[in-house]
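In structure tokens, the next block holds one chain alone, the form predicted alone.
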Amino acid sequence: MVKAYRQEHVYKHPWERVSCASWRKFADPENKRVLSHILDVDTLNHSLDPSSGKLYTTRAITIHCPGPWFLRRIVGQDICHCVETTMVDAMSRSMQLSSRNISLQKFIEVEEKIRYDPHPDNPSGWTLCQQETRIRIKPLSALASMAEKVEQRCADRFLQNSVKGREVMERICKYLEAESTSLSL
């Protein structure tokens, strides 16, 4: 069984500001309070393709993912390690992120894709964020009947965290807007 959902959000900020905010999302100390489930983010590599001008980055993200006590007892941990790959194409003004868990794969598979593009109705002022998430709990012999409930709980947590992530992005965008306004004075 797979739980999947798709969300769209419009940032009323230009693509350049939103893509910049995405890079700062995990670094700002204020965000660490809001995104308290993110324990650590490390850049593993980054490269710039000179022919296309595209930036490629891979980051390791450590997440605290508490679940029901019985699940923690079976799994033996409530920490999950993920890999996020990012591609930024400044020429076409597109940023694509793809994340997946690399730990706990015996029990759960989570894949998240986020894409930031200029909004078709206002390409110079707004950014369209499209997010797709797939969660698959691998049935354990003792918990096969619980898999759907656990998937739903995981999906609910992802939805709650994505709201927090949008709040953080909005705050950073407003900060960047104020910063650019004061620099232009």
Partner chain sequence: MRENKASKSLSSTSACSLLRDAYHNCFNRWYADKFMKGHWDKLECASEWQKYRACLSQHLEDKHLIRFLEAEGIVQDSDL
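Positions refer to the first chain, counted from 1. Just so it is clear, the model here is predicted, and its values are computed rather than measured.
Beyond what is shown, the protein has a form predicted in complex with its partner chain; the following relates to that form.
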Every residue of Leu39, Pro50 and Thr86 near its partner chain in the predicted bound form, heavy atom within 4.5 Å: yes
Answer with one of Lys174, Arg24, Lys12, Lys164: the residue that has a non-hydrogen atom within 4.5 Å of its partner chain in the predicted bound form. Arg24
Identify, from the list Ala155, Leu55, Val34, Cys129, the residue with a heavy atom within 4.5 Å of its partner chain in the predicted bound form. Leu55
Whether Lys149 contacts its partner chain in the predicted bound form should be assessed with a 4.5 Å heavy atom distance threshold; does it? no
Is the gap between Lys138 and its partner chain in the predicted bound form 4.5 Å or less for some heavy atom pair? no
Decide whether Leu159 counts as a contact residue for its partner chain in the predicted bound form under a heavy atom distance cut-off of 4.5 Å. no
So in the predicted bound form, is its partner chain close enough to Glu109 to count as touching (4.5 Å, heavy atoms)? no
What residues of 100-122, in sequence order, lie within 4.5 Å of its partner chain in the predicted bound form by heavy atom? Arg100, Ile102, Lys113
